[in-house]
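Quick heads-up: it's one chain on its own, the form predicted alone, in structure tokens.
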Amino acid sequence: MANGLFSFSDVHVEVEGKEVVRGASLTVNPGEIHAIMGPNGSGKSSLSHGLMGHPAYEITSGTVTLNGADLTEMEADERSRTGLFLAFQYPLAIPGVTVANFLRAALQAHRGPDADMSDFRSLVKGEMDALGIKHDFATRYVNDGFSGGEKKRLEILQMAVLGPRMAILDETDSGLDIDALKTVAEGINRFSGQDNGVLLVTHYQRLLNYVQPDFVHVMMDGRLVKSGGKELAVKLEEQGYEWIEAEVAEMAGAN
């Protein structure tokens, strides 16, 4: 497998002793957008959390690398500082911590304790303007009383401020109305460039109407079983997953 910008090879993930990802491999090169689709319970979110280093999602075998650095044994905060970002499907509320303080602490952790933060205010305001977020958003407590769209906008704002090399977006389109979906998609498109990579994890094709993936992969039963281009996502939207299930069963029978 090529090293690429971000890659994981034969990754197995366990949750509470149960294997939920069974040997997934993928390489993302700089400038590429990949999408992982699949039915509920296929292991998409478990893979995302395992790659990020969530302590409840243990990588029992396999390797994860980013820009030449081996992330496999790193804690989640180390992976973040190395340049990996995960936007959650269900972001947690943090009452008492303002968005501004949260973003400042996160950026300071990335830059280092003695780094110059004099550009922080202008950076955040600029990214808020680009995402159509009012500036008083910064004074609210993180995700406390936020609508679904506001939570997802904050995830994209975090990504824009931190500027990771690789962003994993775990069903960031779930629960969004069309206006919020377009705003989130615009933020993803603004972020995506020749120096970074994006991995979109989604159940539906609709996000891919606004963020054009270079590659689409299908996950079933903890494995990536099929890959293609944007046309694969369109076919899945039209026909569902049964035809892929039949293909996988036929291949298993042939082996």
Partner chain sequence: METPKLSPSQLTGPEWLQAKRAGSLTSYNDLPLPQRGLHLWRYTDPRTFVIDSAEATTTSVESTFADVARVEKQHFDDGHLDALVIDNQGQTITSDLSADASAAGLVAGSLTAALDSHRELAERYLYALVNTAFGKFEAMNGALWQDGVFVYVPDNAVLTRPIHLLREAGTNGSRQFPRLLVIVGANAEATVIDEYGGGADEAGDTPSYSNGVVEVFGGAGSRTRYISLQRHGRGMNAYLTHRAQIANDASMVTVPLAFGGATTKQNFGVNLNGRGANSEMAGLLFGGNYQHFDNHTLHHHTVGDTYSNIDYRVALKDRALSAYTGLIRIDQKAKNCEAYQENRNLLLNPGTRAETIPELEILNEDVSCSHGATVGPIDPLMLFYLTCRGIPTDVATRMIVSGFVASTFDKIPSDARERVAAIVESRLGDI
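Residue numbers count along the first chain shown, from 1. Please read these numbers as outputs of a predicted model, since none were measured by experiment.
The form predicted in complex with its partner chain exists for this protein as well; it is not shown, and the discussion that follows is about that form.
Engineer: Which residue among Val161, Met128, Val142, Leu181 has a heavy atom within 4.5 angstroms of its partner chain in the predicted bound form?
Structural biologist: That would be Val142.
Engineer: Any chance Phe120, Gly132 and Glu186 all have a heavy atom within 4.5 Å of its partner chain in the predicted bound form?
Structural biologist: Spot residues vs its partner chain: no contact at all.
Engineer: Using a 4.5 Å heavy atom cut-off, indicate which stretch of 192 to 200, 48 to 56, 222 to 230, 25 to 33 touches its partner chain in the predicted bound form.
Structural biologist: Looking at the partner contacts, the answer comes out as 48 to 56.
Engineer: Just checking whether Glu155 would be counted as a contact of its partner chain in the predicted bound form - the rule being heavy atoms within 4.5 angstroms.
Structural biologist: Glu155: yes, in contact with its partner chain in the predicted bound form.
Engineer: So in the predicted bound form, does Leu86 come within 4.5 Å of its partner chain, heavy atom to heavy atom?
Structural biologist: Judged by the heavy-atom cut-off of 4.5 Å, Leu86 is in contact with its partner chain in the predicted bound form.
Engineer: Under a 4.5 Å heavy atom criterion, is Ser147 part of the interface with its partner chain in the predicted bound form?
Structural biologist: Ser147 lies outside the contact set for its partner chain.
Engineer: Answer with yes or no whether Gly112 is in contact with its partner chain in the predicted bound form, where contact means some heavy atom within 4.5 Å.
Structural biologist: No - in the predicted bound form, heavy atoms of Gly112 and its partner chain never come within 4.5 Å of each other.
Engineer: Who in 95 to 114 is close to its partner chain in the predicted bound form, meaning a heavy atom within 4.5 Å?
Structural biologist: If the 4.5 Å heavy-atom criterion is applied to its partner chain in the predicted bound form, 95 to 114 yields Pro95, Gly96, Val97, Asn101, Phe102, Ala105, Ala106, Ala109, His110.
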